[in-house]
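Here we start with a single chain on its own, the form predicted alone, put down as structure tokens.
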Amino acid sequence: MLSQKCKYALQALMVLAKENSDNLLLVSEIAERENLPKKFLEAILLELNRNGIVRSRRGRGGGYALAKPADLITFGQVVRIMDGALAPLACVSVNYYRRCDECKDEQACEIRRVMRRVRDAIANELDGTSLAKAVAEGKAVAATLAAASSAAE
């Protein structure tokens, strides 16, 4: 399950992905748009800045923007930065592997095989979804809903 911190990070990044890359947004503006706690969001954006996902400028006209194009930032990158491993068990993690203490035979472990498939499905979806793709999907859904709404009238 995603942490609240990770969810807030994704929400903030979606706001920034919808903006022109030259526009810098204040933390307060992002927080207000998404109804997020400002202080917590400040800490999240600092972490994303340290990891090269967002860039910031201080002072008048300052704020935050994406550090690279939205199509180069994936949900998987963000989740790993904010929450660590994607895997439900350490023994199936690619980046944070740790053998289970009680495991007698990893190769024969039925639980490990299932959890590896779960991990692979999660990684494929998160690593295959960029911020730009999520924005485009959101626009497509909104257009479909608008068309359905006007057809019903």
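Computed from a predicted model, the values in this text were never measured in an experiment. Throughout, we count residues from 1 along the sequence that is shown.
Below, we turn to the form predicted together with the DNA, even though it does not appear here.
S.K.: Give a yes or no on whether every one of Tyr8, Glu42 and Gly62 sits within 4.5 angstroms of the DNA in the model of the complex by heavy atom.
M.R.: Every residue of the candidate spot has a heavy atom within 4.5 Å of the DNA in the model of the complex.
S.K.: Where does the DNA sit in the model of the complex: which of 110-118, 32-40, 123-131, 88-96, heavy atoms within 4.5 Å?
M.R.: Among the candidates, contact is made by 32-40.
S.K.: Is Ala67 part of the interface with the DNA in the model of the complex - any heavy atom within 4.5 Å?
M.R.: Result no; Ala67 lies far from the DNA in the model of the complex.
S.K.: Is there any non-hydrogen atom of Asn51 lying within 4.5 Å of the DNA in the model of the complex?
M.R.: Flag for Asn51 set to no.
S.K.: Please check if Lys104 has a heavy atom lying within 4.5 Å of any heavy atom of the DNA in the model of the complex.
M.R.: No - in the model of the complex, heavy atoms of Lys104 and the DNA never come within 4.5 Å of each other.
S.K.: Against the DNA in the model of the complex, would Leu26 count as a contact residue? Criterion: heavy atoms within 4.5 Å.
M.R.: Answer yes; at least one heavy atom of Leu26 falls within 4.5 Å of the DNA in the model of the complex.
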